[in-house]
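This document opens with one chain alone, in structure tokens, the form predicted alone.
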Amino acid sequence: MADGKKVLFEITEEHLDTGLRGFPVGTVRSSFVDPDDGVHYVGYPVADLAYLDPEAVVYLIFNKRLPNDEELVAFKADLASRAGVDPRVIALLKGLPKDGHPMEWLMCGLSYLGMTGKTGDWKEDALNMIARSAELVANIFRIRSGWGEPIPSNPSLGLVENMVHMMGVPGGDTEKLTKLLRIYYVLHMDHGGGNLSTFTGKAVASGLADQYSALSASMASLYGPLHGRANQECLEFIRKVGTADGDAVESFVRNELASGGKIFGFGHAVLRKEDPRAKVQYALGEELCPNDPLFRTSVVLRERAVKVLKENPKVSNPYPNVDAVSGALVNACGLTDPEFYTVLFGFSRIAGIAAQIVDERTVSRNGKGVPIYRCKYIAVNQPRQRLNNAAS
């Protein structure tokens, strides 16, 4: 205790320049990550929520309780009524360079959603953005991939169902892809308060920029290969392994580590056991695409990579995380270009980040909101000096 207040963290010089890792800076009402049991939304383990309607889980993180049947019907209808993007957004997408990364398209699209439809109300803009992002993301896939003209929206189908409908994936299995992305949406929706994309969005919003600007900044954070783009790299890694033979996979892992390479999809900053989200996806893969070659490689990696990584006492978590298998599943269900995978991650995470922003702006400190973020940096190697001709 210090001055009657509990000391949560003692800062020493060794904590500087460590990316704020582990520093408590605020509170969060919508989710947390337990080192053993993984991600929870408002106290519920995410695996328990995985097969619910995605809209029910959106309702949960905004209202801090699950809806009853009548409330869910009303909430789905409310989101459907908010859907429909300004035609200028689609025109913008058609003019973007095809060599731009899909995440750069998403950043542009979210900003344009704001320019063509913001209300200035934190929660209204959050719900509008969630409802309209389905059409935005579907057309990022469709237009950048050259699949043809946009497909008219049908929001009565449901949030994820409508997105898959508008994507119109050539040769894709709509039923399998819809089931996968409904669960994917729930599993990726939120992840505590301090991950980079969520923290970035809340920091931008603390300066009273609008929801759309804050989420565009969040997606810029998610775009990085150390954050959301990891799912893209994981699929590329599985393709590089190229076999589902156990001994060959183990040999590949050992050689990769010996040469200084990384084993993508394994380990987690907080978790110390296998990610429950990965467990859900492995089980889903056995249902949707049990014989897919890349999925089978990911299953073998689940055993052999863990075996090898456990041999290193410095590895605190040798287990698969959510990215270890998600790319293989998305690929097996018809979305074969890994450059788009982080856009799917972003589509899901929009809801969680926006809900946390609503809480920080309208609930925290009895409704006054969290002050503008202003962390302190220590000046080093900057001796006081003046130019010789400076005025005295």
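Note that the coordinates shown come from a computational prediction; the quantities given were computed from them, not determined experimentally. Residues carry their position along the shown sequence, with the first being 1.
Separately, the form predicted together with a small molecule exists; it is not shown, and the next lines address it.
- When the small molecule is considered in the predicted bound form, only one residue from R229, K176, K279, H268 comes within 4.5 Å through any heavy atom, namely H268.
- In the predicted bound form, every residue of the candidate spot (N195, F345 and R349) has a heavy atom lying within 4.5 Å of the small molecule.
- When the small molecule is considered in the predicted bound form, K202 lies well away from it, no heavy atom lying within 4.5 Å.
- Residue contact check for R132: none of its heavy atoms lie within 4.5 Å of the small molecule in the predicted bound form.
- You can rule out all but one of 133-141, 235-243, 120-128, 187-195: in the predicted bound form, only 187-195 has residues with a heavy atom within 4.5 Å of the small molecule.
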